[in-house]
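Just the one chain here, laid out as structure tokens, in the form predicted on its own.
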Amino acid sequence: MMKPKKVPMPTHAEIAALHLATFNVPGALYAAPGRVNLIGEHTDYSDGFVMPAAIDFAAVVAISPRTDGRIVANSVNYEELLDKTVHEFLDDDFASLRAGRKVHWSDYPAGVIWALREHGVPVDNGFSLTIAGNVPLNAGLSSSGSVEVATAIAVLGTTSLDLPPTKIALLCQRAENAFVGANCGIMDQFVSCCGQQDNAVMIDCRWLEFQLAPIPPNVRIVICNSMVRHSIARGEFNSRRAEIEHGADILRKHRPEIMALRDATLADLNKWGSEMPPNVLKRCRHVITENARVLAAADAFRVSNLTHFGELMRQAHISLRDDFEASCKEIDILVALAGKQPGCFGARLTGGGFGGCTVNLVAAANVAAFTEAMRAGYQEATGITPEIYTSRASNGAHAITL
């Protein structure tokens, strides 16, 4: 996949002006945020619980309808303009993706438009799109999910259809699973649709129900990007998912009501875990204990018990490191450094793993000192300068009024 060029994120007004200059018609603007997962990693595809928060980094899409059956998409980040018929943009690219050929930034908006059309949303007259974003790429912060959701609400904004946020999230997940070919769960798209200011969102991934978990106002989310992404990540992710499904199959032989690991308990593992290969047993133990940690973390936020929340984050990282084996030395260095800093309540790996980012809950008054210490300490330990982002929980997808 081609790499984006280092271009500054334009303002909303600049995106609107660029769209007008490119297509000679004004565009309506829509935004959808990326996300960081506070706790609940690798549980969503087992029908489990997760607790992400939308962040104040987002994808922005300007859109205007066409009448010539073409989709023309302008990527600000990649500085590329694509002009294809609806048929070329959707069907031909889909065929090439299934054959394992080219991977391109346009796969994400194309996949969403394909999924919307499959659902009955009228798209055949075409659109002009201008797409920009500032969600860091390859950092586990769901830059792809933000583009998918922003595209979906932009296309829907040109129609009279009003789909509920949960349905939009499901269609975007289908786009990434079936069109792009990434077998993700529902978390990224769901929180991008349903995030709320100053709240984490505890999602029940089986029933697609959610509860808000207020983040105390004196706390900031600090994201430390290790700047590494190990090449084993995709293959290891797929193997972890297969191991989880294998473990669920073994438990289901004894308890048929277990549809996914969401339904299993540690007592089940103690009773029948001896039938599992050691790696499968460890993966299942992570998922089962992580689900319990998410529920406990939601309770901790409700009573503003940041000490307990931070302890749950610590336990979650140990589980990801030792049972799920999804961490790496750079991430472990960041977590250890964070644990030594005043005002840091908790730190852990966030995202798929094998690199990427840590998420840290830090007292607002300590953010500047925390950031400086993390940057210096990580660079001294690894020779790598990290990128560090501070965010508050933000609202989900929305139209932009200039």
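Start at 1 and count along the sequence shown; that's the residue number. Quick caveat, the model's predicted, so the values are computed rather than measured.
We do not show the form predicted together with a small molecule, though everything after this point is about it.
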| query | finding |
| --- | --- |
| Segment assignment from 369 to 377, 349 to 357, 25 to 33, 333 to 341: heavy atom within 4.5 Å of the small molecule in the predicted bound form | 349 to 357 |
| Residue among W114, F237, Y78, F301 with a heavy atom within 4.5 Å of the small molecule in the predicted bound form | F237 |
| Contacting member of C184, L82, V86, A260, with respect to the small molecule in the predicted bound form [4.5 Å, heavy atom] | C184 |
| P52 within 4.5 Å of the small molecule in the predicted bound form, heavy atoms | no |
| Contact label in the predicted bound form: G48 to the small molecule, heavy atom within 4.5 Å | no |
| 4.5 Å heavy atom contact, D107 to the small molecule in the predicted bound form | no |
